[in-house]
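Quick heads-up: it's one chain on its own, the form predicted on its own, in structure tokens.
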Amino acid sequence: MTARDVLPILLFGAVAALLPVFVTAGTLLNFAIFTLILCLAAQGWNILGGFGGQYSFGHAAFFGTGAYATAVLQVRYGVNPYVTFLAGIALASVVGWVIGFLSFRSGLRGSYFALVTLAFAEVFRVLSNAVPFTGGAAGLLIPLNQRAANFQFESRGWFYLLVLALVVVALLLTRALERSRLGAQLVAVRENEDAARAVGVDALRVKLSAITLSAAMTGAAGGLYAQYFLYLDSTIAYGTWISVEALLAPIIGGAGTVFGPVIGAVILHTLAEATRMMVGRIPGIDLVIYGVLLILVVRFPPRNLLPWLRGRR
């Protein structure tokens, strides 16, 4: 990577880091933190779906795995939260590799792969709702202990900066992937897998690398969600809401681009909050909006906002 590749990402991080200085309202900081968590999950989907062309409808499987590993290990076994967070990322990446190996080894592509990922997410949701160590239907509550050593902060601003730092790292990793040989092979597989195989690309290895990295990023988002909101149940961790949001954000902002998921996540979350303010807090109204957006995206594939803005410029 060159300085030209890295500079926009560092500039974004520096400008975004000023937010807690000018904004002290808890509601706005909650909005910003949740949006950044969604950015991280969307960036994970973008690596697999945007760069690799392997559309997943079940990224909740990785999000929930990272979230539950973070929560269960510290609540049931007293493990340090920072260690559980890293363990959640590692476990999510293993789950991603296993799902990818079973799917790609069987030659699943397109809608078949999308449905398989959706099925895995649903199986995980049912299991987490049934087994006792996850809290079952009642969910799992992480004890409140606001100390930096406990991965909890009295000020929301510190947690915001931590999440922002991880988003910047994810952006840098995505930029490095875009400029790497693996990134070029991933795009080749996306455009024409058979042709990529013909020129010597190991499509299975490339796709497994992509889904492993994708799952790790999404698992990190799940761990941050658990550590910030301190409560999990099967609907939150493995719910369809995160799969839909992680999918829609890159598509709207620009799939296969570095900043597309960030733009899309901001648009999605702003739209959801604006709708709640206008029509009241009707349960599930945001999912209705996302469902309509998903139908429109499938029916009328967008040109993607970020590439369109570049064209206009």
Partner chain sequence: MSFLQIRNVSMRFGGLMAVSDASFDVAEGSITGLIGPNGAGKTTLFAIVSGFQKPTSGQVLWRGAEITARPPHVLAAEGLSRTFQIVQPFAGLSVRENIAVGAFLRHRRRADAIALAEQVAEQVGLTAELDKPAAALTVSGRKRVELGKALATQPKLLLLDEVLAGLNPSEVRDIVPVVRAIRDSGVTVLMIEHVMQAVMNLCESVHVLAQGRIIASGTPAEVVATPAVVEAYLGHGAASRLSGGAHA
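Being a predicted model, the structure only gives us computed values, none of them experimental. Numbering follows the first chain given and starts at 1.
If you look for the form predicted together with its partner chain, you will not find it shown, but the lines that follow are about it.
Residue contact with its partner chain in the predicted complex: A149 places no heavy atom within 4.5 Å of it.
For A196, a non-hydrogen atom is located within 4.5 Å of its partner chain in the predicted complex, even though that partner is not displayed. Although the partner is absent from this view, G78 stays clear of its partner chain in the predicted complex, with no non-hydrogen atom inside 4.5 angstroms.
With a 4.5 Å cutoff on heavy atoms, L162 does not count as touching its partner chain in the predicted complex; it lies far away. When its partner chain is considered in the predicted complex, only one residue from V83, A90, L173, A188 comes within 4.5 Å through any heavy atom, namely A188. The chain is drawn here without its partner chain; in the predicted complex, the stretch among 212-220, 68-76, 162-170, 199-207 whose residues come within 4.5 Å of it by any heavy atom is 199-207.
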